[in-house]
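Next up: just one chain, as structure tokens, the form predicted alone.
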Amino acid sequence: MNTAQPLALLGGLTAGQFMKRHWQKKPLLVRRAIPDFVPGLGRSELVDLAGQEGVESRLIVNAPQGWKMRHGPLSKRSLPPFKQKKWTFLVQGVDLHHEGVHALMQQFRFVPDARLDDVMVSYASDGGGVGPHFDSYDVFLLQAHGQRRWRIARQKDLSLQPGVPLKILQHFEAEEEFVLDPGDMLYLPPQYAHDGVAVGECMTWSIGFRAPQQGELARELLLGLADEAFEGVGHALYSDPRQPAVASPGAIPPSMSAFARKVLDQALGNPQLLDCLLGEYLTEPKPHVWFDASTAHVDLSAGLRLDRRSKMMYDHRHVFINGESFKVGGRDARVLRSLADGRCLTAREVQSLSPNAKNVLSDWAGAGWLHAL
């Protein structure tokens, strides 16, 4: 992607300008971010997705007696009448199930794939919404159908209403207000308070980003280190030929503590192992994602493309795909990095790969991770 090219998606800003001025700093409202936007995903298709097992969905109703929330699967019969006011349902990860939504998400890849998460699509009847709240991640709110009124604020008081099944702010005070039409978009940085209410029936697409918590990342890396401990550290046994006799047998010997620290330092001191574990963690598919494996031979001579569910990234030594790592170098590395960046390869690029790399691609195709063009 040319990060120096002005984009209508960003109101005429280049990707570089947007990242410098707005990313994680301040909101941006873009009128006609996608002119004449046709979403290609209707209400009935969204209802069908919400009713499927393995698709994360929620129904939220702002009833006279208070807020109510129900997790999916949501059958059509379980939804309120569409003419009823003040309700909404939200479907997570729609980009995994719809090619058009997946294609739109590619326009936001001026942010690293390691941060790009998914597209959530919400339908709301007149007056529907989820209440004033804040997110812990960056989000682009693209209006797909109808209108939605957004009120936003740099809220310092993030206390929540007690006894409510949603994280609704207790003392929300709007500073700005916008009504978005189809094709309009609002970017909000993390913890920027906002309240979106449907003006008539509407649909909104939320392009969200992941931000791993320190504790979560530490846990995943340490679990990976534990799995690799024997290979990465070795099998040497603790020995203490100079251990004297002790009068206090309950005390842990200082030499045992030093041995443990040395072992841990060895495990943590392998930068290649940590790089592998990070790449595998960042490309690990979500629990509800599965691929259509095939035993049939896939002809890649005409080129190939990644499956929309595949996650592929790389560092200076490895490529990572769907939770697995591969060490690469030379021309193979350049071509496979091009696959991660562009999500497809021409027939010429495939033919330039080594026999070993071609075999790996055939294995990926058999697993359903990529397909022939």
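A residue's number is simply how far along the shown sequence it sits, counting from 1. For clarity, every value in this text was computed on a predicted model and none was experimentally measured.
What comes next is about the form predicted together with succinic acid, which is not displayed.
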If contact means any heavy atom within 4.5 Å, which of 281 to 289, 75 to 83, 129 to 137, 101 to 109 contacts succinic acid in the predicted complex?
129 to 137
When succinic acid is placed as it is in the predicted complex, are Leu221, Gln272 and Phe326 each within 4.5 Å of it, taking any non-hydrogen atom of the residue?
no
Picking from Gln92, Gln155, Ser125, Ser206, the single residue whose non-hydrogen atoms come within 4.5 angstroms of succinic acid in the predicted complex is Ser206
Considering succinic acid in the predicted complex, which of Leu300, Leu169, Leu141, Leu277 comes within 4.5 Å of it through any heavy atom?
Leu141
Taking heavy atoms only, is Met120 within 4.5 angstroms of succinic acid in the predicted complex?
yes
Under a 4.5 Å heavy atom criterion, is Trp150 part of the interface with succinic acid in the predicted complex?
yes
